[in-house]
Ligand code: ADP
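A single chain comes next, written as structure tokens; it is the form predicted on its own.
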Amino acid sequence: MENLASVWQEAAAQLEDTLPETKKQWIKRISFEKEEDGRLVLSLSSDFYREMTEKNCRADIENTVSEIAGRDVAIDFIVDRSKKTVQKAPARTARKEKTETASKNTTLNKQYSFDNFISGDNSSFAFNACKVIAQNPGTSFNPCLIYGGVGLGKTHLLESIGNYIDEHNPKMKIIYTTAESFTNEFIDSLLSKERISSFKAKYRNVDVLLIDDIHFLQKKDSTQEELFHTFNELYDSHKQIVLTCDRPITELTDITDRLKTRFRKGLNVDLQPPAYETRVAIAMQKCKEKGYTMDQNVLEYICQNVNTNVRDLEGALTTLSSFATLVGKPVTLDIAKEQLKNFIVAPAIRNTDITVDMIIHSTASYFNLKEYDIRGKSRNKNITLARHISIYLASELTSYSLSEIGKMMNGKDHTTIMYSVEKIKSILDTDESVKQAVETIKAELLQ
């Protein structure tokens, strides 16, 4: 019978090669403890790590170990606080340094890569699609639109595509830009024929075009016209186009139909807020990258309570790390609760700053409507949905009663307000576009 210590060594290597990053984080923390009565005993340094490993990886471990051992092997997890898992620092290869020196694509931020993007159930589809695009630019999923709320990783994935192509195909010409920068460049180019020719040559002679935040193009008809022709030229030449947006393309009301049609030609994928396990993996990755030292109880507390987006999660970690550095003492759970009270502890207090007027303004902006449309009586489908969402968010984010909300919505009665709240509640789990709208507007208000 094969020794289970060597079986585990082989299984651990295989699991680290095949599992997603959210699970690899736990595998790296496991140590072989002993073999007892044919069972494999593995240890972790804390109750928290043991619980997370059992929850996320037990089935993967048992299947892999049993397959390698050639028999069913039962697994036991124990806690051994004397063991601290040492994680290897990422290797700095000569190839990477050489590539960065040779790169002509200065618009890309080199800190973004697929290797440091933590993929979970909320983002695995988008993550895998972007990797395929990067490996086969212009041939798979072209164009591609990535959409989702703030701080969920759209820019990270967009620039990861560019950096991967830049490393593996350095001769390809890549442009990463924001829709706002594209617009400003286009306006500047209108000053002379030479400038407009230069602008067109710049954007129509690339191999990969990456444009962030295309919702900025709404109501900018001339810029949309220019992007339309740029899109056609690149698409017809089989050049890769990837775009990001804060909402599904169907919800951009002031984008021309012909441009929408082209955006919908390829793959449209969304990003959702990460689940708890993914947040833990992201937090651990951020601590590793930035050299933060965080007690496991504090880390768990942060990840349980900061559930909006990655940007907020990173902000909480930075706040606590800065406190520890400036004050010169480690962050305890009580200190974390005090320092993060504006993030997580007292949302009711924080939300007293949110008014119904602010909610209506943000909702109107999201749907490209006038505020009086939402307060009014129009039965237009888009306006009615925006009105329902405004009322729902007012009931969620303010302390006003339904009757008080009704008075602020041009005297609507209690029954009407109740209907709107229940309407949104009933479709949140089944209608992705409504869910996306609610989460995006809510995140903007809370920030």
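Quick note: we count residues from 1 along the sequence shown, nothing fancier. Bear in mind the structure is a predicted one, so any value in this text is a computation, not a measurement.
Note that the form predicted together with the named molecule isn't included here; everything after this is about it.
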Heavy atom within 4.5 Å of the named molecule in the predicted complex: which of 319, 223, 189, 155 fits that? Just give me the one.
155
Go through 117, 301, 235, 77 and name the one with a heavy atom inside 4.5 Å of the named molecule in the predicted complex.
117
Go through 256-264, 226-234, 192-200, 117-125 and give me the stretch that gets within 4.5 Å of the named molecule in the predicted complex, heavy atoms only.
117-125
Consider residue 248 of the chain shown here, and say whether it contacts the named molecule in the predicted complex, taking contact as heavy atoms within 4.5 Å.
no
State yes or no: in the predicted complex, is some non-hydrogen atom of residue 277 no more than 4.5 angstroms from a non-hydrogen atom of the named molecule?
no
Does the 4.5 Å heavy atom contact test between residue 133 and the named molecule in the predicted complex come out positive?
no
The named molecule contact at residue 208 in the predicted complex, heavy atom, 4.5 Å
no
Which residues in 258-288 have a heavy atom within 4.5 Å of the named molecule in the predicted complex?
282, 286
